[in-house]
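Listed next as C-alpha cells is one chain, alone, in the form predicted on its own.
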C-alpha cells in the first residue's frame, strides 16, 4: 500500500529541486559579468518510481512517480568552440606581437618625413651642390660639415634606438616565458584540486572555469594542445577530467608541458648565444631540459612573435626583424662612408692646396669598423673624422685651384654611385628605399593579419559566449519558471494538507 503522505514527499522534492534551480539561476545572474564564467544549469532527473519491480510489490494499477531531484549542476560549455578559439587566439598573439614590434620600428625610422634619414641625406647632397658653386666660402663649408654631422648622428640615433627596442623585446620574451611557466604551474595546481574532488562524484565547475581561463591565456602566448584524462575514483559522467597540455613545433613533434598523470610541469627556457663572441640572439627554446627546439621550428603565439622580432640564429645565419634592419643600416653606413672618404681623400682641400701636397683627408670615421662583409656597429659608431675639425680640410677641388668645386660635385654623385651591398650592387638611395619598403610591407601584412585574426577570434568568442555566456533575459525567464514550479509544489502541499485534514478531522464524526 502506498503511503498516505506520498504526495507530501513528492511536493517536497519538487520544492527543494526548484529551489536549487533558483539558487543556480541567481548564481548565473550574479556572475553575468565575471570573465571566464560559464553559465550553469541544474539537470533535473525523475526520482525512482514506486513501487520497484519485485515479487512482493503492492497491487496497484502501475508505477507512480515520486517527484524530481537535482541530478547535477553542470556548466554549459562547448569543447569544440574552446579548441577553435584557442587556435585563433594563438595566431592573434603571434601577429599582434609582430605588428607591435614593426610599429615601433616605423616610429623610429620615421619615413617619409622631414626628420628621417632620407631627408637628412638629401640636405647633405644639397650642401655639396652649394659648395661646388662656392668652394672657397667658409659658410658653405660649415654647412657641409654640419650636414655631414647630422647624417652621422641620424645613423647613430637610428642604430641606438633600434638596439634599445630590441633589448625591450628580449625582456618581453623573457617575461612572457616566465608567464607561460607560471600559467603551467597554475594549471597543474588546479588539476590537482580537481583530482581530489571529481572522484567523489562532484563537478567542480568553478575550478573548470578557472582552468579554462588559464588555458585561454596560455594559447595567446604559445601553440598548445589540450587532451583530457579521467581523474579516477567514481567521477560524474559529466566530469571534465584532468588536462594534459602539449606544445607542437612546425614539424608536428609534441612536447609535454603539463603531465597530469605524473603531476609534472616542464618549464620553457630560451637559450641565448651569450657566450664568448656570441651575438646575444636566441638560439633555441628548451622544454623541461629536453632537446632544444630551433627557433625556425618553434610555432605560434606571442613568444614566437617576440623572438622573431628580437632576432635568432638559424644554421649560422642571423634572422629577425630588428637584426635585419640594423644590418641594413650598418651596411649603408659602411658603404656610404667608405665611398665618400674614397672620393674625398682623392680631392684637394684648401689646406692641401696651400701646402702644395695631398694629405688624403677623410670626411667620416667608422670607429674602427673595417670588415666590408660584416660591418657590425658601423651605423652606431659613424662620426665626423677628426680631419674635419678644420673647415679648410674639406676637399672640394679635384685640382690645385682654390676656386675649383668639381670634387664637391663628385662627392654629391656618391648618392647615385653603385655600391657593393651584400648580394647586389645598388645605390645608397635605392638600397635604403628597398629596406624601408620591405619594412612597410611587413608592417602592413602584420596589421592586416592581426585584424583578420582579431575578427576571427572575436567571432569564435561570440559563438562561445552564445553557448556558455549568461543571458539575463534567459535567466529571468528561468527564474519565473522555477518560481512558479516552486509555488505550485507548495500549493500541492496545501491541497494534500486539506485532504489529510478531511481524513483526520472530517471523517467518522457522524452522531457527534
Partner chain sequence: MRVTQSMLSNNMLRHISNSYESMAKTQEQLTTGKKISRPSDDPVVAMKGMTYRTNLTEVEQYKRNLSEAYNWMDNSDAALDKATSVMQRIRELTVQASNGTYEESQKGMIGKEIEQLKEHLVSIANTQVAGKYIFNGNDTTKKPVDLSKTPSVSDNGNTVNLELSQGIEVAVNINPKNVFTHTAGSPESGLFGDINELKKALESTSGQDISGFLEKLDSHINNLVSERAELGARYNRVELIDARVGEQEVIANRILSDNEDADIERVITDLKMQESLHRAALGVGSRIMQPTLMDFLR
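All values derive from a computational prediction rather than experimental measurement. Residue numbers count along the first chain shown, from 1.
Separately, the form predicted in complex with the partner chain exists; it is not shown, and the next lines address it.
Is the partner chain in the predicted complex near all of 35, 365 and 391, within 4.5 Å of a heavy atom of each?
Checking in the predicted complex: none of 35, 365 and 391 is within 4.5 Å of the partner chain.
Note which of 43, 452, 471, 46 lies within 4.5 Å of the partner chain in the predicted complex, where distance is taken over heavy atoms; exactly one does.
Of the listed residues, the single hit is 471.
Name the residue from 227, 171, 271, 416 that puts a heavy atom within 4.5 Å of the partner chain in the predicted complex.
So the residue touching the partner chain in the predicted complex, by this definition, is 416.
So which stretch, 126 to 134, 274 to 282, 321 to 329, 154 to 162, is the one near the partner chain in the predicted complex (non-hydrogen atoms, 4.5 Å)?
Contact-bearing stretch, as computed: 126 to 134.
Does the 4.5 Å heavy atom contact test between residue 299 and the partner chain in the predicted complex come out positive?
No, no contact at 4.5 Å.
Although the partner isn't part of this model, could you tell me whether residue 177 comes within 4.5 Å of the partner chain in the predicted complex, counting any heavy atom of the residue?
Looking in the predicted complex, residue contacts with the partner chain do not include residue 177, since no heavy atom lies within 4.5 Å.
Quick check on residue 401: any heavy atom within 4.5 Å of the partner chain in the predicted complex?
Yes.
Is there a heavy atom of residue 119 no more than 4.5 Å from a heavy atom of the partner chain in the predicted complex?
Answer yes; at least one heavy atom of residue 119 falls within 4.5 Å of the partner chain in the predicted complex.
Who in 32 to 63 is close to the partner chain in the predicted complex, meaning a heavy atom within 4.5 Å?
If the 4.5 Å heavy-atom criterion is applied to the partner chain in the predicted complex, 32 to 63 yields only 39.
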